[in-house]
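Two forms of the same protein chain are encoded below as C-alpha cells; each is given separately, as structure 1 and structure 2.
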Structure 1
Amino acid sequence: MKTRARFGVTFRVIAVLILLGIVVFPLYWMFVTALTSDEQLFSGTTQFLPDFSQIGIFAEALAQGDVLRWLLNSFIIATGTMAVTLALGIPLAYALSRFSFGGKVVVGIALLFTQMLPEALLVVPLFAIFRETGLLNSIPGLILADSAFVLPVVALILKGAFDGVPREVDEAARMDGARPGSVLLRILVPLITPSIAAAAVIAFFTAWNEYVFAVTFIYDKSLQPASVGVAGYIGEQDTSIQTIMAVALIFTLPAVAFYLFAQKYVIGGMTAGAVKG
C-alpha cells in the first residue's frame, strides 16, 4: 500500500510539473527571445538561457510607440466590459433561473447559439450598427461589442450558480417582505460571489485579448488596445522579433497577475457551477 501511495504522489507531482511547464514555458520562451541578439537569433543555434546584456530591449520597447497608452486602453476596455457584462448578466441569469416566462427556452437556446458563431461573422452587422449610431472608433463602442460577445457565457455560468441556491432561500426572504430585486442583491448575490468572480475574470480576459473587433472598429491609434498595438510591430519589410516579444510579454504580465490574484475565485466559481448547475 505504501508503495502504491508513493507512486500515486510521484505521478501527481510529475503531472503537475508537466502542466506547469506547458503553461509557463511560452512566457519563458518569450523572455529568452526578447533577450536574444540578432546574431544569436539567426545563428541557427537555439538559445535556452536569456542574455541579460540585452535587458535594455524592454526599456526600448516602452519608449517606442504608445505601449503604456495601449495598456491603459486595454485596461479600460477590459474593466468596462467586465462591469457591463455583470450588470446585464446577473439579472438575466437570475430571471432564467427563478422565473417562468414566455420564450424562456428560446432565450436559453439563443445564448448557446451565439457561442457557435465565429466572431468574424458579427463584425459586419456590428460595423453597420456602430456607423449609424456613432459608436465607431470609440472605446464605449468596443466595450459594448465585447460585452455582447461574452454576455452569453457569463449568463450561463451565473444561471448555474443561481440554480445551485435552494429556492427555499428566496421564499424565506419573500415571506419576510423582501422584493425580487432585494432578494437578488442582498441574499443571492452574496451567496454566489465565487461564481460572479469567475464570470468577471472570464469577461476581463475576453476583452483584454480581443483583436478582431478592436482592429475593425478602432482606427485612431491613440484609442487602440494593446492587442492591436502589438500586431502593429509586424512590418512588411522589417520586423523586430525581440521588440515584439518584449511588448507581448509586457502585455501579458498584467493579465497573468490579475489571474493569479483571482484564481481561487475562478476555480471555486467554475467548480460550483459545474456541480450545482
Structure 2
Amino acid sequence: MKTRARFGVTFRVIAVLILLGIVVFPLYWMFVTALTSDEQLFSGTTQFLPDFSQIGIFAEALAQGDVLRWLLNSFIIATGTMAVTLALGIPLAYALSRFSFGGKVVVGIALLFTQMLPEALLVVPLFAIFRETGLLNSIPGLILADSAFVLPVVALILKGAFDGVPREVDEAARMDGARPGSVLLRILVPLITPSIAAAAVIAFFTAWNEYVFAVTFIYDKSLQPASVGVAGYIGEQDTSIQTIMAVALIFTLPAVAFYLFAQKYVIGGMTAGAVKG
C-alpha cells in the first residue's frame, strides 16, 4: 500500500512537471530568444539556454523607436478603462444586488447578451459613430470603446461580491437613515475591496491586451498602444527577432505578474461572473 502511494506521488509530480513545461515553455522561449546572439540564432542548432551576456537587449529594446511611447499609451488606456468601468460598474452591481425594480430581468439579459457580441462586429458601427463625434484616432475614444466591453463582466463579478455580503450588514445602516449612496461607499465597498481589486485587474489588462479596436480606431503612430505595436512586428523584416521578443516580453510580463499576484480574487471573480453570465 505504502509503496503504491509513493509511486502515485512520483507519477503525479512527473505529470505536473510536464504540464508546467508545456505551460511555461513559450514564455521561456521568448526569454531565450531575446538572449541569443545572432551567430547562435542563425547557426542551425537550437540553443536552449539564455546567453546572459546579451542582457542589454532589454534596455536597447526599450530605447528603440516608439516602444516607451506604446507602453505609456497602453498604460493610459488601461488605467482609463479601469476607472470608467469601476465608476459605472460598482453602482450597477449594487443596484442589481440590493434592489428589486422593474426591468431587472431586462438588465440581466442585456448584460448576458453583450458578452456574446464579437468586437469585430461592433468595430464597424463604432468606427462610424466615432468618426462623426471626433473620437476616432483618440485615446479617450478607445477608452470608451474598451470600457463598454469590460463593463458587463465587471458588473457581474461585483454583483457576485455584493451578493456575498449578508443583507443585514447594510440594511441596518439604511434603517438608521443612511442614504443608499453612503451605504454603498462607506459599508459595502470596503467589504468587497478584494473583488473590486480583481475587477480592476481584469479591466486594466483587458484594455492592455485589446487589439481589434486599437488597430482600427487609432491611425496615428504616436497614439498606438503596445498591443498594436507588438502585433505590427509579425511578418516584419527590419527589427531583429531578439528585439521583438524582448519587447513582447516587456509587454507580457506585467499582465502575467498581476494575474499571478491577484489570481485568487481574479479567478473567484471570473468564476462568479462566468457562473452568472
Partner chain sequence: MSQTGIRRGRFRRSPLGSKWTPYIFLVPAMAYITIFQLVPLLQEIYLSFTKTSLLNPGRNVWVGFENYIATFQSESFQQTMLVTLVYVVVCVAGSVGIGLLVALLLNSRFPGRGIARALVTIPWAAPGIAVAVIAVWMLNAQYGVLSRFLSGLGVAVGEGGVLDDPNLALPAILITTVWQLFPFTAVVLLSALQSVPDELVEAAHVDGAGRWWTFRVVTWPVIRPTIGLIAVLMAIWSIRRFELIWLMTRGGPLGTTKTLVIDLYSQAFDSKQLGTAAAIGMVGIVISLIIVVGGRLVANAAERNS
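In this text, rigid core is short for the largest set of C-alphas that superpose within 1.5 Å between two forms. For numbering, take structure 1's sequence and count from 1. For clarity, every value in this text was computed on a predicted model and none was experimentally measured.
Q: When you get a sec, tell me if the form predicted together with its partner chain is 1 or 2.
A: The chain shown as structure 2 is the form predicted together with its partner chain.
Q: Superposing on the rigid core, is the CA of Asp51 displaced by 2 Å or more between structure 1 and structure 2?
A: Comparing the forms between structure 1 and structure 2, which are aligned on their rigid core, Asp51 does shift its C-alpha by 2 Å or more.
Q: Rigid core superposed, CA of Asn209 - does it shift 2 Å or more between structure 1 and structure 2?
A: After core superposition, the C-alpha of Asn209 moves less than 2 Å between structure 1 and structure 2.
Q: Quick check on Val228: with the core superposed, does its CA move 2 angstroms or more between structure 1 and structure 2?
A: The answer is no, as the C-alpha of Val228 shifts between structure 1 and structure 2 by less than 2 Å after core alignment.
Q: On a rigid core superposition, how far has the CA of Leu20 moved between structure 1 and structure 2, in Å, if you could check?
A: With the rigid core fitted, the alpha carbon of Leu20 is displaced 4.3 Å between structure 1 and structure 2.
Q: Taking the rigid core as the frame of reference, how far in Å is the Cα of Ala255 displaced between structure 1 and structure 2?
A: That residue's C-alpha sits 2.6 Å away in the other form.
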